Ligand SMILES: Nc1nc2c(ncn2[C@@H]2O[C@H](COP(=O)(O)OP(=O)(O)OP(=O)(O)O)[C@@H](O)[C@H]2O)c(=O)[nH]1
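Just the one chain here, laid out as structure tokens, in the form predicted on its own.
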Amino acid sequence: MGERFERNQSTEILLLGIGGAGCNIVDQVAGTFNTKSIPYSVDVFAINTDRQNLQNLENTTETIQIGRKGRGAGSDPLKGRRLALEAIARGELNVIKHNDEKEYDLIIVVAGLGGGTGTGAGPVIVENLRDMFPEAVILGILIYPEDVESGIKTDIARQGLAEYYRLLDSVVVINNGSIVNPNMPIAEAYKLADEYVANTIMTILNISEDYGKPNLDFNDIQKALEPPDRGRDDNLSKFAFISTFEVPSANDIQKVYELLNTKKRHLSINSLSGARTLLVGFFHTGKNLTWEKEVAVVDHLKKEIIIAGRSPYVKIGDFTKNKDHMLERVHISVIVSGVKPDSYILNALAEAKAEQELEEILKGFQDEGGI
């Protein structure tokens, strides 16, 4: 059974890394869970064609090798796809279901774009997960390659992005190029993607498993991340913004606006304008942060969203129980669904000939112009 972190609630979550980048990142995130003694139940799996990569993971106890030789996919997405289909036909992914016929509520898939396994095998695996867990919401956290890797790798990444987008319920894209400072040591640069994925996952876990007054819970997250209703929603974008910000004290609450703009750039978001859903959770001791300051933050977010003339569904959570260890610190968790992606994402979909998906996304933001 995969690495499991227990909690008292009944929501079941699967964290799944696919390919070298995805496996390495979920392994580091699982290590973070262990370090912080996270009281949540999350099953962590790693799937790869590269046997050596799987053998070197330190925190993920459940690994699945696709391709009997374990030599990787050679950056060939067609080979990765073929190996995934063969593994599924042999029933090698059925271990995810477990003997107790587990039913996950949320599946978080982490993969790098531009290689053979994460890009080629990944979408096939997502389709299989959809068959195994038809009621689950599937969120993809995808790592887009840096500009320096442009060429064949970028072409593969574009096609992979389009395929994932069609299959996932919600998508977060981490722009690897924007988060890496060229003067940063390589070891630190590799950790940044880990941190962004961990931040995204912990945002979801903290909101869904804590109890606040007023409260946010997993049902609110599920509503935000489930696919848009084509018959009801004008905005059909599946792209989401998910992040938690930390400020030193309630007096520094204004800093969240600057942090928000930085995170939008790193998470490939052009703007929040026209978004469908806004969830905001405030985590603090309850002794310093006032309701007035919380409302100011929510109003700031709402103003950016309603520029397009549509009002989002908004819900606030205030979490102060057992938070004395936070002292004066304040954490602000934000989930926004139906956001406008950065222009490079739209261009990538256009290059991948994902015309229908691109048309649906842009339709929701037509008042702001095209790509």
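Just so we're clear, the structure is a prediction, and the values are computed from it rather than from any experiment. Sequential numbering from 1, following the sequence displayed.
Only in words, not in the display: the form predicted together with the ligand, which the text now covers.
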Picking from 74, 134, 248, 185, the single residue whose non-hydrogen atoms come within 4.5 angstroms of the ligand in the predicted bound form is 74
Would you kindly say which of 293, 265, 153, 98 lies with a heavy atom within 4.5 Å of the ligand in the predicted bound form?
153
Options 42-50, 62-70, 334-342, 299-307; stretch whose heavy atom lies within 4.5 Å of the ligand in the predicted bound form
42-50
Do residue 145 and the ligand come within 4.5 Å of each other in the predicted bound form, heavy atoms counted?
yes
Given that the ligand is not shown alongside this chain, does residue 235 nevertheless sit within 4.5 Å of it in the predicted bound form, heavy atom to heavy atom?
no
At 4.5 Å between heavy atoms, is residue 86 in contact with the ligand in the predicted bound form?
no
Exercise: residue 11 in contact with the ligand in the predicted bound form, heavy atom 4.5 Å:
no
So, 222, 280 and 312: all three within 4.5 Å of the ligand in the predicted bound form by heavy atoms, or not?
no
